[in-house]
Structures are given as structure tokens and as C-alpha cells.
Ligand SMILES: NC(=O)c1ccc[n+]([C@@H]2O[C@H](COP(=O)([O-])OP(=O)(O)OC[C@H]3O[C@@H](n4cnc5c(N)ncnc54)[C@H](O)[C@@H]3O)[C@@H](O)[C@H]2O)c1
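Only one chain is given next, in C-alpha cells, and it is the form predicted on its own.
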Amino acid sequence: MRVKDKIVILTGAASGIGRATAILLGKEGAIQVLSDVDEKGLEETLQLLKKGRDRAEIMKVDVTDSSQVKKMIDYTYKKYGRIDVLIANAGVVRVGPVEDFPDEDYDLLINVNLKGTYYTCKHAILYLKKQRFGSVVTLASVAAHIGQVNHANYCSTKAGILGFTRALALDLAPYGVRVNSVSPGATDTPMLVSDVRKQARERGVDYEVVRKEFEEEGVLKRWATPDEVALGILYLASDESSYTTGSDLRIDGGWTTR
């Protein structure tokens, strides 16, 4: 088991990639602190952990609130005496043309995607430096690498995560801490389904038309499953990636090869 007995903090665990990651890491023997702002979704994730449920606990945490994130990080370190893996997965998507984009939606993107990742790492760094080991995994996106129509604001936050991750890898390398990101392409999650439905409504076309467009972006012509992305996160979390830092793992079905 690749993360057996490793202490893992995972944000955004209530659905999608976060839920799939929690289930996979549970099978692989991790001891997990799972968080999300969605308490009901967290409870459902916990119930879906067929393995490792007795080694997982859930906490309602809003990653846009620095004090809540700090409380979670401090609690984990105090209870277990270390943090082996930190996965900053919490994220949101909002799309639309820049000229019509509501300021509150852009604030949400920045506060969850950028600041949420920053807070999650910030409050763990002192512990990671002190213990001189650990793996940090952030969630970027295919949108960090390419432009997408009506996604300029979302793309900007994901590109920010990519830059943040690379620079943080340099800062933490002297302490034996690795920092990497994962860039999923179109993945069959509630977040993407909601995005596609919104685009379909605004364009006055069927949902399947927009979904097909997303499928055609990758050379494999389909969406990823959350489980496929979770496998990449597991790799970066495990000792199998012990010589990998400052890297971005693109799990995008070949989208960025074009």
C-alpha cells in the first residue's frame, strides 16, 4: 500500500476528484483528515470509504477563511505529530466573458482557488520545515496551460496555482519537502457538469452538444473519471515520486499536446 500510515490532509473532499482521492488513499492505507465546506458531501464521502473509514475524520472547513484552515492544520499536527501529505484540492469554477463577469464571481475564484491553496500551504509550511519531509500536491488544471473561451478569469487562477507551486517547490526543497501540481483535463465531476450545463443554457444548445465539444478537446475523445485523476495524485503523494518536485502532472487526455 503506497501511502500506508501516512498522515494526509485533503481539502475539497466532498465530491469529484477530492472524493475519489479520499477513497483511493483510504484503500492505500492512509490516515486522513478530510475537509470541505459541504458537510453533507463530506459525510457521504466518509460512508463511501469501504477501506480506511476508521482511519479518516472529516472537518467542515472554508478554505477562504485563513483561521479555519489554520485550525485544521494545527489540529492535525498536534494529534499526529506530523503531516506526510498535504493536498490542496478545493476549487470552484465560474465562467463567462470578462466584460460581463460579476465581480463577486471573480472574488470567489480568487478566494477559493488561489487564496485557498495559499492558506492551506501557508499554515502547513512551518510544520513541514520543522519535520523536514512531506509531499504537497496542488490542483491546477488544463486551464493553467491553455486559453478557453469565456474562461479567462478561471484560467488566471489556475495559472496562478501553477506558478505558486513551482516557486514553493524551490523554497521547500532545502527542507526535503516536495511540491507538485496536477492538471486535470475535462473530468466527469459535478463541477464540470454544472459548468457545461451553464454554457449550454447560455448558448441555447443541448447539454450533450457542449459535452461533446469538451470531449473533442483531448485526443482520447472522452472525459476522465475522477478515479483516473486520483491515481496521479496518489503517485505524487507517495514515495514513488521521491525525485519529483516542482513538476506538473497533466492528466488531460492529450488536450495540451495539440
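Residue positions are given as counts along the sequence shown, with the first one as 1. Computed from a predicted structure; not experimentally measured.
Another form, the form predicted together with the named molecule, is not on view; read the next lines as being about it.
Taking the partner from elsewhere, Thr76 is found to have every heavy atom lying beyond 4.5 Å of the named molecule in the predicted bound form. Proximity of Asp38 to the named molecule in the predicted bound form falls within the 4.5 Å heavy atom cutoff. Shown alone here, Ala56 lies farther than 4.5 Å from the named molecule in the predicted bound form, counting heavy atoms only.
The closest non-hydrogen atom of Asp62 lies within 4.5 Å of the named molecule in the predicted bound form.
Per the 4.5 Å heavy atom criterion, the named molecule in the predicted bound form is contacted by stretch 177-185, the sole one of 177-185, 96-104, 164-172, 79-87. For the options Cys121, Met72, Val112, Cys155, the residue carrying a heavy atom within 4.5 angstroms of the named molecule in the predicted bound form is Val112. Contacts with the named molecule in the predicted bound form, taken as any heavy atom within 4.5 Å, map within 134-171 to Leu139, Ala140, Ser141, Tyr154, Lys158.
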